[in-house]
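The form predicted on its own is given below as one chain in structure tokens.
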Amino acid sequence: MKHFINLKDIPVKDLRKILIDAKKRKKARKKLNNLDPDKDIPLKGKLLIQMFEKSSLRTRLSFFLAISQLSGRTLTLRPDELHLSKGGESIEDTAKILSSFGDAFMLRTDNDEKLEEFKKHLTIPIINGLSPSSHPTQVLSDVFTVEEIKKKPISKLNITWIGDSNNVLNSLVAASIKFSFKLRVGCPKKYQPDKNIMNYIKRNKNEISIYNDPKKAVEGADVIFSDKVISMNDKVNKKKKLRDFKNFKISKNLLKKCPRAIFLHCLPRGGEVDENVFKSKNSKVWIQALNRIHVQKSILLYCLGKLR
């Protein structure tokens, strides 16, 4: 049984196997409808239980289609309907029930400790659909998208992140270490990665550069990533934070520094990107969103011991 909680805890050979499998499965589905099963029906009879403690559109839809195309089923639980939140039932007892009824559990949570507590008591795999410190399914899918569009290993590309140091960036940092790619981070000084992330980077001796000038951060970039400046449940002075990021907007003028770069955004978007960039030929956000399905299929197969 294998969990999928944080990219830094998963061997790179396993991550690469997931990406290779996702590429094969996407290619094999060219003539199939959304709900048509993959020909090998590898997860027939399996049930994925999902629980969302935070808002979700792409993760919810992509996991539904992922398990459906693998011939399994999904059941989505609302935390406000469970005894876990309403009746004081423990995570341990909840985990035992989930393990008895389901084959895998996907949790999108506002609490990293809850993920670890579930992992401790579950006897089925747990997948992190997003937590405050990590968004591994998103970023592994993004690696897939970059390599698909650029047609070369991500290790040969220059990747830039413009935005806040959030859970998506944390996973991108982990990916840069696993897949050995150069990562530039552009953000205001007081929004740089925290000490734990910086120590993780130093321990792994990876090539990550931090700039407080977005123009320097995007120089030579093959890919520019961004995310909403105000994240879900961001407990800050939002007006002040938006002012702090005023000069870090992804604009046409900024892209002049790297005209061949593609633009990726995990969505939903805010004012951090100009409309004419978001809808430009550089923008690959819709392919990026759709690729979540293919990679998450292979993540499910990995967790359930069915990865070919």
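All residue numbers refer to positions in the sequence shown, first residue = 1. Being a predicted model, the structure only gives us computed values, none of them experimental.
Unshown form predicted together with phosphoric acid mono(formamide)ester (CP); subsequent notes refer to it.
150, 264 and 291 each touching phosphoric acid mono(formamide)ester (CP) in the predicted bound form (heavy atom, 4.5 Å): No, because 150, 264 and 291 lack any heavy atom that approaches phosphoric acid mono(formamide)ester (CP) to within 4.5 Å in the predicted bound form.
Residue 58 within 4.5 Å of phosphoric acid mono(formamide)ester (CP) in the predicted bound form, heavy atoms: Yes, contact at 4.5 Å.
Heavy atom of residue 178 within 4.5 Å of phosphoric acid mono(formamide)ester (CP) in the predicted bound form: Judged by the heavy-atom cut-off of 4.5 Å, residue 178 is well away from phosphoric acid mono(formamide)ester (CP) in the predicted bound form.
Partner proximity in the predicted bound form: residue 184 to phosphoric acid mono(formamide)ester (CP), non-hydrogen atom cutoff 4.5 Å: No - in the predicted bound form, heavy atoms of residue 184 and phosphoric acid mono(formamide)ester (CP) never come within 4.5 Å of each other.
Residue 160: touches phosphoric acid mono(formamide)ester (CP) in the predicted bound form, heavy atom cutoff 4.5 angstroms: No - in the predicted bound form, heavy atoms of residue 160 and phosphoric acid mono(formamide)ester (CP) never come within 4.5 Å of each other.
Phosphoric acid mono(formamide)ester (CP) in the predicted bound form: contacting segment from 132-140, 203-211, 69-77, 187-195, heavy atom within 4.5 Å: Comparing against phosphoric acid mono(formamide)ester (CP) in the predicted bound form, the contact stretch is 132-140.
Any residue of 190-217 that, in the predicted bound form, places a heavy atom within 4.5 Å of phosphoric acid mono(formamide)ester (CP): Contacts from 190-217: none.
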